[in-house]
Each structure stands twice: as structure tokens, then as C-alpha cells.
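Given next, in C-alpha cells, is a single chain: the form predicted alone.
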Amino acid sequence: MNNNIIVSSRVRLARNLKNQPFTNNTDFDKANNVLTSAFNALSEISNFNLYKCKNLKSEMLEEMLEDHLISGELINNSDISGVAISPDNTVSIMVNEEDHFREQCMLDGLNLKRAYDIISDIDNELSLSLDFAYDEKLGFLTACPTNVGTGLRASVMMFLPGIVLTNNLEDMISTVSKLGICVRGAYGEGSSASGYMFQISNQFSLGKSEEEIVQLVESTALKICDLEIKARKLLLDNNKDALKDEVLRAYGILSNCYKISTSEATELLSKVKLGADIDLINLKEPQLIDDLIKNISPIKINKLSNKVLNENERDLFRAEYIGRVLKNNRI
């Protein structure tokens, strides 16, 4: 059941070079010196693909953003920023984002400890050739005070329709906030929840070790899993017929509509995903629902069609694509 609730894990480290102004207080030449130093160091430790953001088309940057490989802040700094991405897309190192370095590893499921080990090894290798800003009392120095200390943010992406539909989201957020955990939308701070997807992460990185932060987020994620499982059982016990009707109506619309927007498709696919998770609808390959949710954005639809489509054309193509996949997937 946890695999249907915990979608992915991410561990991110914020780092800055010693005696260099933070990205938002620097000039063009100093920022480019940081970028050059970063790419030189990264090229020595792994087979990363290195990209200067100013050389990338906006469509590629938007796709990287959707895939959580880069942030909006990195795009805003595109004249001075860059990113290193591993061949399997599990590791990305952003350069000249809010901090000089944002090192992150993302893995499927609940894999925080493994993600931490991977990014920690890369960070250790980088520190051999780069002098990171560090204070004996405060720890790593960062642009945002909440990242001072370890500079570590551990986060888990969770699918929580049960908690939302039983109106327990606010209570859950209030409870975990007392543990030092924050709950955000799928794309982090300032983003809204889409398709019942939420990101939980530690609020602060000062005062706890990296291992303690990882353990805190993991244990909290497991507690939220238990709440979600109980909420789904409550839905089935009290409202199974209405819920099944809603799931099948969502499947029917998705299978037969002529055009559909990204937001409506995401909402309906999330209902079908919940139905598949709790056996209200039988699908040959339930994983295809997750693949559809990832592939229906405007950028991904253009890529699938091999054309630059306008909004109406995308809505038409999206409906045909979703319907084709779903009709071949129902038992």
C-alpha cells in the first residue's frame, strides 16, 4: 500500500562557495566564475550532462521544471545559471540558483536514506575541489536562514486523496508542523496541490544532524501513510457506492471525451488512480495512470505530437491520447 501513497523521495543539499557573494547579491562576472568552477569540478567526478541555461530552449527548461530536475528560480537566473544532470535523471546539481549549489537526488518510493547516501557522496567529492562556506557554530552558510546548518532538505511526494476527501488535511498539516515538518504542493513552496499530490519536508536544517533530518521525514511520511490508509478505509466503509460511481464516471469521461484540459485531466486521472489503488476499478497496468499524469502537460503533449500545438489542438490531442491508453488498459 505504501508504494501507492509514497510516490518519490528527494534529498537536497544547499551549498555556497567561501568568500563569494550569494547568487542574488552577485554580479555577472562573479556568477559566471562560480558556474565555470562548478562545471569544472562536476566534470571530474561523474558523467553528468552539463547545461548552461541560457543555451537551452524555453521548452526544454519547462520540461526539466516539470520533472523536478530544476526550479523556477534557476530559470529566472538563466543568464548565469546551469545544471548538471545524471544520465538516469536521478541526480541534478543546480548552479547559481538561490544558492551557488543545489545538489539533489530523487528516487522512486520511500528511499530517503539511499538518496541521502548518493547525494552525500557527490557532495563529499565536490568538497575536495571546492571550498564551501562553513561556520563551526552555524554549519553551512546559505542564502535562506532556514537552510543554515546542514543545508539539507529531505522531502517525500505523497498521493493523499483519502485525507483530502475525508476533510482531514488541515488537521494533518497542523499535527506534522509541530514536528518540524511542512506540507506543500507538488512543486514546493508557493505551489498548489494538484491531483492530491503533496510534498512533505523538514522546515529547518539547523540543530539536527543530516541523519536525524532524514529519519524525521521518513518516520513522518510513514505516519501519514497510516492516516491515508485509515482514511481510504473510512471512505470505503461509509461511501463506497458513491466513490465507485465517481471513479467510473471519471474513467468514462477520460475514455470518451473529445477534448480536455490539463487541469481537468489531472483531476479525473487522480480519481481513477485512487480507484485502482483501492480496487474500485480493474486495470491491466495501473502504473499507466501515473505515466499519463506525467505526460499530459502542454510541454509533454507537444513532445508526444512532435508539433507545436495551440491550446485547442493540445486539448484535442490530449483527449485522444488518454482515451487510447485507457481503452487498452481496462480489464
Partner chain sequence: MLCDKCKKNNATFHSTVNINGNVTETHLCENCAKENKLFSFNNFLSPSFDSFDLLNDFEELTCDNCGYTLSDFQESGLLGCSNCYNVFKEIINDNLQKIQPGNVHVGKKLNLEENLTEKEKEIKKLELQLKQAVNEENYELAGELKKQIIALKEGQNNE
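Residue numbers count along the first chain shown, from 1. What you see is a predicted model; the values in this text were computed from it and never measured.
What comes next is about the form predicted in complex with the partner chain, which does not appear here.
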query: Partner-proximal stretch of 124-132, 79-87, 222-230, 244-252 relative to the partner chain in the predicted bound form, 4.5 angstroms, heavy atom; finding: 124-132
query: The partner chain contact in the predicted bound form: K178, any heavy atom under 4.5 Å; finding: no
query: Partner contact for G149 in the predicted bound form: the partner chain, 4.5 angstroms, heavy atom; finding: yes
query: Interface membership of F140, the partner chain in the predicted bound form, 4.5 Å heavy atom rule; finding: yes
query: The partner chain contact at K113 in the predicted bound form, heavy atom, 4.5 Å; finding: no
query: Residues from 21-50 in contact with the partner chain (non-hydrogen atom within 4.5 Å) in the predicted bound form; finding: P21, F22, N24, N25
